[in-house]
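The data below hold one chain only, encoded as structure tokens and taken in the form predicted alone.
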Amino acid sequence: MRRVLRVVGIVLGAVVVLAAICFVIVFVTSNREVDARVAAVPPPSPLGRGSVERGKHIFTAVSSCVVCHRSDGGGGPFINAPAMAVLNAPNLTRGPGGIGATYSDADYDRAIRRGVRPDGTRLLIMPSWDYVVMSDDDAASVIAYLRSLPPVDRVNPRVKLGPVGRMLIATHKLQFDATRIADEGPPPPPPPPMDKVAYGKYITRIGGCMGCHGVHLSGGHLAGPPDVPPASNLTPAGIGNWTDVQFMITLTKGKDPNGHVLNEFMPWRTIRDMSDAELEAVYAYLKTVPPRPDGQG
């Protein structure tokens, strides 16, 4: 009996040592990934003409930046899942704790459209892959709006990674958008608003729809903590029988034609402030997307 207990003790000790080694490897590797610097990425082209009004519309409605950075731009807690991560969106204003006093327009642009900080480190939770196609004028407008915000006195702690989050980063299951952007090459030029389908695709991309519903827009559990329901299928296989009116009512009232109330993770409360022309363009584009079964991204 003593021999059996001794063997069991040795095995358990070996397991504990192995687990400790794995933890150290994951901890060191994830820190290395988070702290890794890339070569400074310049803006893809000179910023265009900025409009504070247009920038506010993109920030508050189209791209739903207010969901993370709040309506005052001061940021704050937006994910509290200790096993995954505790995340606070940064303060974008020029107030105490904010980045506005030190960021140049090019710094803002690199963060928004490239996912890279001025020091060359990559932003972890920032949907720059969605924003990389943003036009020069729209990017300039967002920056102009950020410059117009009153200073907010708010110091937000940086990301605190949990064991699951560290594992995902160490194994490259959780990608940095900066790396994803670099791997895909330069974005296409933005379309003119009069091309409804192409403009709808543009709004869909900078609106973050593909970030949650997948590049093919067929949904699945692609973003957010485990308790968030899978994203819906936006291809004709999912909303094929919806009329344009039903589509717009869904995004402005938060309830689909079947009476299903949209989950709060879906930012319909900000999307509802998009213009009718923008929502109509999105609908026109979604009708052209190849149908796919639910949950294929």
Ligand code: HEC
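Just so it is clear, the model here is predicted, and its values are computed rather than measured. For every residue, the number given is its place in the sequence shown, counted from 1.
The form predicted in complex with heme C is left out here; the points below concern that form.
Undergrad: Given that heme C is left out here, which of Ile169, Ala178, Ile112, Ala140 has a heavy atom within 4.5 Å of it in the model of the complex?
TA: It is Ile112 that has a heavy atom within 4.5 Å of the partner.
Undergrad: Among Met266, Leu47, Val52, Ala237, which has any heavy atom within 4.5 Å of heme C in the model of the complex?
TA: Residue within 4.5 Å of the partner: Met266.
Undergrad: In the model of the complex, do Leu123, Phe247 and Leu251 all put a heavy atom within 4.5 Å of heme C?
TA: The answer is yes: all three residues contact the partner (heavy atom, 4.5 Å cut-off).
Undergrad: If contact means any heavy atom within 4.5 Å, which of 191 to 199, 161 to 169, 147 to 155, 126 to 134 contacts heme C in the model of the complex?
TA: Of the options, only 126 to 134 has residues within 4.5 Å of the partner.
Undergrad: Are any of the heavy atoms in Arg37 no more than 4.5 Å from a heavy atom of heme C in the model of the complex?
TA: Residue-level check for Arg37: no, no contact with heme C.
Undergrad: So in the model of the complex, is heme C close enough to Gly208 to count as touching (4.5 Å, heavy atoms)?
TA: Gly208 belongs to the contact set for heme C.
Undergrad: Closest heavy atom of Pro90 to heme C in the model of the complex, within 4.5 Å or not?
TA: Because a heavy atom of Pro90 falls inside 4.5 Å of heme C in the model of the complex, the answer is yes.
Undergrad: Although heme C is absent from this view, report whether Ala106 comes within 4.5 Å of it in the model of the complex, heavy atoms only.
TA: Answer no; every heavy atom of Ala106 is more than 4.5 Å from heme C in the model of the complex.
Undergrad: Between 269 to 283 and heme C in the model of the complex, list the residues on our side with a heavy atom within 4.5 Å.
TA: Contacting residues: Ile271, Met274, Val282.
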